[in-house]
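Listed next as structure tokens is one chain, alone, in the form predicted on its own.
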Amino acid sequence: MTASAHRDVAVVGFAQRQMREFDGSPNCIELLVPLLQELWEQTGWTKEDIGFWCSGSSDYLAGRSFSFVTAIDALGAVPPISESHVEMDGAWALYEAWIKIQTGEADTALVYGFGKSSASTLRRTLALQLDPYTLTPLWPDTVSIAGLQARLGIDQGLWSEKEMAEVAARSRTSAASNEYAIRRGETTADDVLAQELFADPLRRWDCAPVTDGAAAIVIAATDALPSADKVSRPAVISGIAHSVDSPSLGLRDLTRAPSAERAGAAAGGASGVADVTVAELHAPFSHQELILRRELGLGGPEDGVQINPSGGALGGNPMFSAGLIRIGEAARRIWSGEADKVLAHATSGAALQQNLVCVMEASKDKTL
């Protein structure tokens, strides 16, 4: 599904939490309350300034029905609020909120995603998103599927274990300056290759860590931003789109992600991504970054494009908020003046089945 913008909408607030340890990990309400407080401090807004709320989470992960309803206690539903939910990463909640603003039903929105991966065995739980007739009964876990995908690419000469290790090493090194990253520190490709195989050909650092966490973002129509807004350089969404490939692993080339290419082309518009200088890619496995860079037509660090300067999902991958975090991290580069045009990507499903791309640019209206 794609849409072309006709009302400028900007990302004006972002907060996140990623839990390093599972012991004593807070529940969804305890995760969200400090995030909301941080957003009010960033923007100078209050709950009354938000016209629409949308969340992304999964009852399968939480292990109980309507867990997202419990999370609303963090928002405060009295007086009544306009609220919705997607059983997806919070990036898709942002997409719904963006459409809500495009239709004129709201001027502002707060979107959030949260997940407690520690409540289950994540690798097995995610088998429930596969085809229920032919795949789920086999219970193939996500790491094993990613291993098959990585091996296919290596055997076809599309990438090598060394190139995968270079991605993992760069991600850990970049994450060293990210206070929220779970896995970080100065690392070389040789350090990665020295590890034992975890799921051939993947080593542990080729795979995103299992993380509890949450994230929240405030977006607003630029014509509705309060004059007292604290964000002096809003990150305007110039294009956003998502697309889906077949859920059947046998019906698609796992070394490709055509839906990412389609979403990137739609979100990039006529100018494409040629002038993007920062890209936050939601790649839970090192080789998936290589696939996404090719499908999106992005260069790499050697071409002057910063890929995952936050460390990306290999630094921390909280379910149902890691994609939303990519959007927030990319927007921060515009707020700080480090970049004028950025790209953020989110994925869902096995082996990059579903992909969302959000392109943001610094506002050309200096009065915002």
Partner chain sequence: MTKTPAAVIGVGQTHYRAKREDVSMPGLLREAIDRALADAQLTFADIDAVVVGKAPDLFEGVMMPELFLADAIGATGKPMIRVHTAGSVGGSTAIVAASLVQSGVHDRVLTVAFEKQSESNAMWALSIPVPFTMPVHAGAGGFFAPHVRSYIRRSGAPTEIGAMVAAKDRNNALKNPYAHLRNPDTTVESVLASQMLWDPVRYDETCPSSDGACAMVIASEGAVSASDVKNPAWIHGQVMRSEPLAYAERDQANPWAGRDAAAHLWKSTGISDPRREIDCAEIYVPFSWFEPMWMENLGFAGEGEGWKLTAQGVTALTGDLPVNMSGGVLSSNPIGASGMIRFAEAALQVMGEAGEHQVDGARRALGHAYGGGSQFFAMWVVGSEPL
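Not measured: the values here are computed from a predicted model. Numbering follows the first chain given and starts at 1.
Beyond the structure shown, there is the form predicted together with its partner chain, which is absent from this document and is the topic of what follows.
Q: Examine E163 and determine whether its closest non-hydrogen atom to its partner chain in the predicted complex is within 4.5 angstroms.
A: Output for E163 is no: heavy atoms all beyond 4.5 Å of its partner chain.
Q. Wondering, does S174 line up within 4.5 Å of its partner chain in the predicted complex on heavy atoms?
A. No - in the predicted complex, heavy atoms of S174 and its partner chain never come within 4.5 Å of each other.
Q | Partner contact for P79 in the predicted complex: its partner chain, 4.5 angstroms, heavy atom | A | So P79 counts as contacting its partner chain.
**Q.** Heavy atom of V273 within 4.5 Å of its partner chain in the predicted complex
**A.** Looking in the predicted complex, residue contacts with its partner chain do not include V273, since no heavy atom lies within 4.5 Å.
(Q) Exactly one residue in Q195, S238, T125, T188 has a non-hydrogen atom within 4.5 Å of its partner chain in the predicted complex; which is it? (A) Selected residue: T125.
**Q.** Interface stretch in the predicted complex with its partner chain - options 97-105, 175-183, 281-289, 294-302, non-hydrogen atom within 4.5 Å
**A.** Heavy atoms within 4.5 Å of its partner chain in the predicted complex occur in 97-105.
Q | its partner chain in the predicted complex reached by all of Q16, R326 and E329, non-hydrogen atom within 4.5 Å | A | Result no, not one residue of the spot touches its partner chain.
Q.
Going through 82-97, which residues have a heavy atom within 4.5 Å of its partner chain in the predicted complex? Please give them in sequence order.
A. Stretch hits, in order: S82, E83, S84, H85, V86, E87, M88, W92, Y95, E96.
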